[in-house]
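Below, in structure tokens: the form predicted alone, a single chain.
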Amino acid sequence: MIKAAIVGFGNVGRFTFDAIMKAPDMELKFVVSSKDLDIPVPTVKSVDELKDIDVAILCLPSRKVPEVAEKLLSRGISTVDSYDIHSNIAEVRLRLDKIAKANGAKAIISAGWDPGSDSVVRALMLAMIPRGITYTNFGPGMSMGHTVAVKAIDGVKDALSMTIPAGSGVHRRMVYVELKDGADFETVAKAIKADDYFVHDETHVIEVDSVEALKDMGHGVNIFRKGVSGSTDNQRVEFNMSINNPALTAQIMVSSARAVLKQQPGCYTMIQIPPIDYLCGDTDELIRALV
């Protein structure tokens, strides 16, 4: 049995709890949370209290992931996270890779659905069609990473960031904010648009009385690639899904917690891992069923 811990117990943490409980090869040993939880698992306040576990699943805002991952990997504890700041992934992976190797630990970074499972789809499409263009169109749906980033801005009481596909890989961000008493809307809107999560996209900030009345955790993606296989033009492949955002992120991290322990020490992205490593079961039986 894989002995796991969940670090953080927000939306993703709760779905991760559910996914581990359904996994036949995993045992949840600890949950790290600042809140008192009514769950049948020991709860601790700090990752410093974790012991006798194989892997820690980090259900944290992306900006907190590198520091916590470094602390755990330095203790020889393997980690999985869903770090989603695309522009920083390669740099953070290299940093964690050195720490993991130095301490005999393993990590999978950015094990969500994008980056994550969508990255695997894009890699496979590239193998199928080496020359061409891939378009990734998200939504419409709630972006957890963007929503968390808005909630961290001074003056914001609650927030919802919706991703609206404009086509050809271009997206519009619709950000709904519920302000704290005395907060200035123009100041908040300016800070949101200047944040790294939003600075590259068309972003609209709208003040509302109640964010809770708007929330829907559904999301989705359409990925298609058109190009050339060998010397044959007009090859096109397409992938679509419609999902509950935190539930799928949680399931991918739990599957990655299984996969990470099968690797050599170091830090990996999902595209570096054999797909069969994510699965529970006998290797030969899986090959017979899937190949």
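When you see a residue number, it is the position in the sequence shown, counting from 1. The shown structure was predicted, so the numbers you read here are calculated from the model rather than taken from an experiment.
The same protein also has a form predicted together with a further copy of the same chain, omitted here; what follows describes it.
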Among 166-174, 139-147, 121-129, 194-202, the stretch whose residues bring a heavy atom within 4.5 Å of a further copy of the same chain in the model of the complex is 121-129
So in the model of the complex, does any heavy atom of residue 243 sit within 4.5 Å of a further copy of the same chain? yes
State yes or no: in the model of the complex, is some non-hydrogen atom of residue 235 no more than 4.5 angstroms from a non-hydrogen atom of a further copy of the same chain? yes
Does any part of residue 9 reach within 4.5 Å of a further copy of the same chain in the model of the complex? Heavy atoms only, please. no
Residue 290: heavy atom within 4.5 Å of a further copy of the same chain in the model of the complex? yes
Using a 4.5 Å cut on heavy atoms, which of 75, 86, 151, 101 is close to a further copy of the same chain in the model of the complex? 86
Any residue of 6-43 that, in the model of the complex, places a heavy atom within 4.5 Å of a further copy of the same chain: 15, 18, 19, 22
